[in-house]
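A single chain comes next, written as structure tokens; it is the form predicted alone.
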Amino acid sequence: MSTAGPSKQHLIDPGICIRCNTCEETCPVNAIAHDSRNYVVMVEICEGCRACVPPCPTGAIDNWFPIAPGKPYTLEEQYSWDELPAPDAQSVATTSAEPDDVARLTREATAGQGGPVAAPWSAEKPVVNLYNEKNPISATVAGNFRLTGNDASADIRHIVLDFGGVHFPLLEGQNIGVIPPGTDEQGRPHHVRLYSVASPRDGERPGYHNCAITVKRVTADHEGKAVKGVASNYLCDLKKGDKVQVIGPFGAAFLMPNHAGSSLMMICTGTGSAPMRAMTERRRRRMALNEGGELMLFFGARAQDELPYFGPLMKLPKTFIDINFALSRVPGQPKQYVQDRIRERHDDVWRQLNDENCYIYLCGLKGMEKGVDEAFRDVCRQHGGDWDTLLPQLREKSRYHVETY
């Protein structure tokens, strides 16, 4: 086992392992064994070469847990597991089998949660790290559609990627990494960029190995200075049939609940609508099952023609989803943000905050976090509650999820 850097132990996830024996056959040092129950990794033999990772069809093989010196998980422990043990909070925050760029971006995106938050108890168990930078999957562009109006200040695209029948399992709320071609000014390969999946788990086109992402063409930085985003412009300019190098999947927490009766409160701006679109479409495709649970959406943009997916959203029955738009740049009208709409709907918001089956998702620009936080604080105060007391309880119950950028 490699001793370079933090000590990590290679483990196999019994919850998603399909016992195909590929890892044991692939391992060049014979560090993998199995019994009638589980496949395990012998820590004293494993060299961390990752030769077994790419062939694994589910990603069960790609787990690297931090361990204290001299205290690895024993073979007896590994053979007894039905699922991997939960790493402690420090492990979740500081270690990852993901590329450094992905781990950093994920930490930044979820910083507003105040610490690691687990997925809802009923969420589908995700596959992660199936493809990496050394072994990306090549996707073909099946479509590139502009979502915003031609005169809108933002050029936002809905891009469909087809994996050509290759296994690439994705869940609503997960991310994929895109590797832009070429090198930077220093001659180094471009960093990976993460994009939330905008399609449900069965794909943009059900029954096919594909997914959709929502991409905004970046032409200025946060201070308004002109800058051309490397990955966003590359993706927005893609044509049907072009190839894209993809890694992932990533993300094991920002996932939707699966149990009947579960409700979703979704708050987003701009391309933060991607995971909300995926979750909404998942529920739409299952409407006939009458699973119950409410969908409530707070969606902010400058103007109507800058709202991604505005047309399809307006076609959804009001009995299916409660949509609250907030437009901040409409001539002759006062500026309105998602936090304003949350305050307006305080009765329903308070009811949902106190519904154990309601899960809250916040995604969009990082600047929206403070405003939404203050809005929830005001709603709680108006109804005799205390947001500072309620928020830790929501996090502990995996009911409050944040991804901002």
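In case it trips you up, residue 1 is the first one in the sequence shown, and so on. The structure displayed is predicted, hence computed values, not measured ones.
Below, we refer to the form predicted together with a small molecule, which is not included among the displayed structures.
Judged against the small molecule in the predicted complex with a 4.5 angstroms heavy atom cut-off, the residues Ser262, Arg351 and Tyr359 are out of contact without exception.
At a distance threshold of 4.5 angstroms between non-hydrogen atoms, Lys335 is in contact with the small molecule in the predicted complex. Of the heavy atoms in Asn175, none are within 4.5 Å of the small molecule in the predicted complex. The small molecule is not shown here, but in the predicted complex it comes within 4.5 Å of a heavy atom of Gly300. The small molecule is not shown here, but in the predicted complex it comes within 4.5 Å of a heavy atom of Leu365. Screening Lys243, Arg285, His190, Arg329 for any heavy atom within 4.5 Å of the small molecule in the predicted complex leaves a single hit, Arg329. Taking a 4.5 Å heavy atom cutoff to the small molecule in the predicted complex, the contact residue among Pro249, Gly270, Pro72, Pro120 is Gly270.
Of the candidate stretches 26-34, 48-56, 365-373, 351-359, only 365-373 has residues with heavy atoms within 4.5 Å of the small molecule in the predicted complex.
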